[in-house]
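Encoded as structure tokens, the following chain is the form predicted on its own, with no partner shown.
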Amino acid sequence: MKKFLSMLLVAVLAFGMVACGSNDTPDAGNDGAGEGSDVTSVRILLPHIGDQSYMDVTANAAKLLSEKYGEAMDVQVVEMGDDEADWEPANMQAADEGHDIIISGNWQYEGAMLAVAEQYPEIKYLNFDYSSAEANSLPNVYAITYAAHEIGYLTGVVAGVKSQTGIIGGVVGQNNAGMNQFMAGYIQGAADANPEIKVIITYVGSYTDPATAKEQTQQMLTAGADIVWGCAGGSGNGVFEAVAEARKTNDTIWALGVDTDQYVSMSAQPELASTILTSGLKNCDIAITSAVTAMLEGTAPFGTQEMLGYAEGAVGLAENDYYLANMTEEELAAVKALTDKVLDGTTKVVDELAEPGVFDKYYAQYGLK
């Protein structure tokens, strides 16, 4: 009898262990993310937010992911600070906390993320805007980027179509191949719209210096430019300030925004928002959401890199009501005729990263002498 009771107790305990163990089995639907939990933990690491441009549209991915996954995902934005020395420690802290997916990247700070990603092969990483393909070939890293040259082209077409003086400007954050990728496309698009166009390009040297951007814009306006693209992150606010002052006496002068619909993002400052005819869009938030979905579904091609362009909806123009109200039917038709050629592949937009020196070639031809 005692032997029977002992065997029965062992059986009960064994059954209990199996039942309890089933609660610890990772959810197959999220590829084991958040082991022991049904919640996928995601962190988006950025130097800062609040620029009403590139950083903010990237940070908006947290909102889109939360709306899509609800309580099944814990997603937060982490501000690492603008000091480069803080970026790798911030990445190390996120990895040590054991998050399932860490999102960061960009040419400026992808090195800090990748240095840590190599040490934590069990964590999935998304570089939301990669620069070096070779560096982003780690087996736990999925890297995407955007056809910045196409953003430039689309924006340049609007500038070329809308300009009445035949002179346009571009105020750029820094002088490097990545930013000149935007500018080469910008000049090409403007020239396709107006073969007689002249362009002025200046470099702020920073993405957080609106005062310098304002001064450079004022100099462009004095030289005859009537359309100026602020392609400089937070520095671009200086472009809007200069154009706002100029529009008090000449409402044919316009600014163009970048990365997000800056007419909307600047709505709290209507005197600045009203200067922005349209913006060249880099839809980082939408692309991140799609990439994370692929990671959870097990279809993300880790160890590879993808460029997303106009055809994929990753880049485009902000065609809001304000833009439509301030463009004539003829101007809208002219813009569509040229941008449709990018969409269907008829027009090949030059790419500074793929063809180094093409920016210098175009600027030598169309730069204002």
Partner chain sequence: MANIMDSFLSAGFLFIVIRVGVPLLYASMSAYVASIAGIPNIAVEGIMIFGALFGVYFSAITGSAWLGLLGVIMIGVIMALVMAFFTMKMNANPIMIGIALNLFATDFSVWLLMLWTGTKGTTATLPSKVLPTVDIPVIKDIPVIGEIISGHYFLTYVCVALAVFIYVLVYKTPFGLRMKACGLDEHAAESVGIKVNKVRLIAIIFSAILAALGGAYLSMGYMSIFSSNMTASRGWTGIAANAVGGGNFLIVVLTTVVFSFAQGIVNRLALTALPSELVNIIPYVCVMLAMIFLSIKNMQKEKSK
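The shown structure was predicted, so the numbers you read here are calculated from the model rather than taken from an experiment. Numbering follows the first chain given and starts at 1.
The next section is about a form of this same protein that is not shown, the form predicted in complex with its partner chain.
Asker: Pick the stretch from 197-205, 151-159, 138-146, 123-131 whose residues have a heavy atom within 4.5 Å of its partner chain in the model of the complex.
Answerer: The contacting stretch here is 197-205.
Asker: Report whether the minimum heavy atom distance between A85 and its partner chain in the model of the complex is within 4.5 Å.
Answerer: It does not: once its partner chain is placed as it appears in the model of the complex, A85 has no heavy atom within 4.5 Å of it.
Asker: Report yes if any heavy atom of L272 sits within 4.5 Å of a heavy atom of its partner chain in the model of the complex; otherwise report no.
Answerer: Contact check for L272: yes, within 4.5 Å of its partner chain in the model of the complex.
Asker: Against its partner chain in the model of the complex, would M220 count as a contact residue? Criterion: heavy atoms within 4.5 Å.
Answerer: It does: once its partner chain is placed as it appears in the model of the complex, M220 has a heavy atom within 4.5 Å of it.
Asker: Find out whether any non-hydrogen atom of E241 is located within 4.5 angstroms of its partner chain in the model of the complex, and reply yes or no.
Answerer: Answer yes; at least one heavy atom of E241 falls within 4.5 Å of its partner chain in the model of the complex.
Asker: All three of H48, D51 and N237 touching its partner chain in the model of the complex at 4.5 Å, heavy atom to heavy atom?
Answerer: Judged in the model of the complex, H48, D51 and N237 all sit within 4.5 Å of its partner chain.
Asker: Considering non-hydrogen atoms and a 4.5 Å limit, which listed residue (S163, N106, S265, N283) is close to its partner chain in the model of the complex?
Answerer: Comparing distances to its partner chain in the model of the complex, the residue within 4.5 Å is S265.
Asker: Using a 4.5 Å cut-off on any heavy atom, which residues of 93-111 would contact its partner chain in the model of the complex?
Answerer: Result: empty, none.
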